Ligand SMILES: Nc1ncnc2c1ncn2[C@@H]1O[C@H](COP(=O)(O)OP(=O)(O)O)[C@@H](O)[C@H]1O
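Next comes just one chain, in structure tokens: the form predicted on its own.
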């Protein structure tokens, strides 16, 4: 198991992709520790490897070499089914394009992760209503995504990510498609929810507002970690 205060530990992690016959090294011997129950942000220019790093932490992709521990679990030793189950129980995701299911209402989108973990109907109802209310969308719970504004859709995505009580929430450029005022309200909401639920948030972002809220900042450039967890400014 990892130390009590560590949500993610990477040791000499590299990730290579094959583009035609050419091997591209997206991440180069990354070693880092991301603390639990904090507002962490990974920053760097486009193409630096931020999204690749987030995908490895989210068990969506796997390293070419090195070791990754998520919530104390060495994920390299898990089968495909075990990886899917681990991800479903421990990790929530927030995307810049929201990734809501268009034919489902806001309520049903938030409920969906609980269906994957076979939560009882009564518990699902209690958790979804509580989370929908927490993000200020109770009156819009029956609306489908195309009936909601961008900010409202991102609030649904936040509720969906948090409803199962995950150890980690990963957010890839969560304010990129929002205007600055809406983005600021979403950042404030995520910060409030992180504090209230003691969840570990890990962002990739260019947004200065997110960086200003960060407790830990990891800087990545050309696939390499150039600043390992300096304190944020809030």
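Positions refer to the first chain, counted from 1. Fair warning: this is a prediction, and the values are worked out from it, not measured in the lab.
As for the form predicted together with the named molecule, it is not shown, yet the points below apply to it.
*Asks:* Any idea which of 30-38, 195-203, 51-59, 182-190 reaches within 4.5 Å of the named molecule in the predicted bound form, heavy atoms considered?
*Replies:* This holds for exactly one stretch, 51-59.
*Asks:* Is residue 24 close to the named molecule in the predicted bound form, meaning a heavy atom pair under 4.5 Å apart or at it?
*Replies:* Heavy-atom contact with the named molecule at 4.5 Å: present for residue 24.
*Asks:* Can you tell me whether residue 45 touches the named molecule? I mean in the predicted bound form, with a 4.5 angstroms heavy atom cut-off.
*Replies:* Although the named molecule is absent here, residue 45 would touch it in the predicted bound form, with heavy atoms inside 4.5 Å.
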